[in-house]
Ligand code: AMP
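Before any questions on binding or motion, here is one chain by itself as structure tokens, the form predicted on its own.
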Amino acid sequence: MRDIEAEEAGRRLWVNRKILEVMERYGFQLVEPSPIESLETLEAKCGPSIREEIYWFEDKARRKLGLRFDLTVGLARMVASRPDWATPLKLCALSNMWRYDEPQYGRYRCFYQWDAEIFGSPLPEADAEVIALSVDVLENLGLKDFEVRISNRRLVEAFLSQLGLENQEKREAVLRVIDKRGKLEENRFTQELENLNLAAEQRNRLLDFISIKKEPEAALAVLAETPWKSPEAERGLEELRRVVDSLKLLGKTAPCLLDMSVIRGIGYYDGVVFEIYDRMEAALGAVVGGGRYDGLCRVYGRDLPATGTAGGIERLLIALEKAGSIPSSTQAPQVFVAAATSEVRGKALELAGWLRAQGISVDYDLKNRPLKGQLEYADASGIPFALVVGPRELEKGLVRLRDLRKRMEAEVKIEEVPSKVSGVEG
């Protein structure tokens, strides 16, 4: 865990605002699930083994509690407890969580995520909605070079059944290996499949299937040629078709591929799944991921279909910095009001108050420094403009407006100052 200093906090604030702009356009309502859940609630999602990955403890009443490790659990538990809320329900959250695992590139033990979920719709159109939302979030942040890899967990599991893997435990073991494919060399990946006692023909057919990674129409054509033998397989294929059709209508297919190696490692996914990767920073892993989890709310007492998406803020920041899409500073005030002499200090404060009332972010000297010291402080703080209030200028209703970046200065009328400095990005 680490401290977040002002410069990074400013960038995070800018990212959060951009994300929430898109959430609002899509009609998602912002909520905040509890950061502490009962351990039983957390384990309901992934089983008792999750204890190894979370911070859990006993409180003074000897209740077993844990810090949330994602936002989906809290949102699902919240919605399951409110049958009076009309569905479909579109909720979003943006907050921090904790995982007790090894810190890695773009991930810390305390980290932040944005999250959006749709509860109450079983339709593939809802899956398309969260994918479209994810695309618009990244584009609104200025990230352009990414790809959306879409699959269907139901279809992949049906394929494994057709390979003769009828045992659920065996299928889940294979799925865990598939989920690691991007992190393993090909020979190591094949070896892990051999370790699960898959015959050579099974391995070859599986490798051919999970190597399907094409533009949506081309991939659907290949998948349609497979001799599917179960209703579940046909259902999974139809779900993919409808997602692709909806994304076309929403104008979001350009960055999309169908990729049968995407299965999302968490076992509660049971339908359409997807991951989004930044092409410029592949080592980051997925910057966004999500999918359908119709069975999760059931473990919290309510049978409610759901689908969602989430992305890590830390990974996003790395990707945005690589792409040069994020402002270098976002918390510095727009203007520093400097008093040329002690006699006009009161007027400088009046001007600062007036500018703030106009919606301008303003700072001024709180140490009684000479003018040179005030301007040096403003420059070092990354403030783009300084207003120098001097006795002679005040007599004419003027101030000196200094552009601290361009090193230029001009006299302007006081009433013109808001229009001269407004709209300046930090």
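Predicted model only: the values in this text are computed from it and were never measured. For every residue, the number given is its place in the sequence shown, counted from 1.
There is another form of this protein, the form predicted together with adenosine monophosphate (AMP), and it is not shown here; the text below is about that form.
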| item | value |
| --- | --- |
| Contact test in the predicted complex: G289 vs adenosine monophosphate (AMP), heavy atoms, 4.5 Å | yes |
| G311: touches adenosine monophosphate (AMP) in the predicted complex, heavy atom cutoff 4.5 angstroms | yes |
| Partner contact for D101 in the predicted complex: adenosine monophosphate (AMP), 4.5 angstroms, heavy atom | yes |
| In the predicted complex, F146 touching adenosine monophosphate (AMP) (heavy atom, 4.5 Å) | no |
| Listed residue that, although adenosine monophosphate (AMP) is not shown, lies within 4.5 Å of it in the predicted complex (heavy atoms), from F189, F209, F111, W228 | F111 |
| Single option in R107, K322, R356, K180 placed near adenosine monophosphate (AMP) in the predicted complex, where near means a heavy atom within 4.5 Å | R107 |
| Segment that reaches adenosine monophosphate (AMP) in the predicted complex - one of 199 to 207, 93 to 101, 120 to 128, 344 to 352, heavy atoms within 4.5 Å | 93 to 101 |
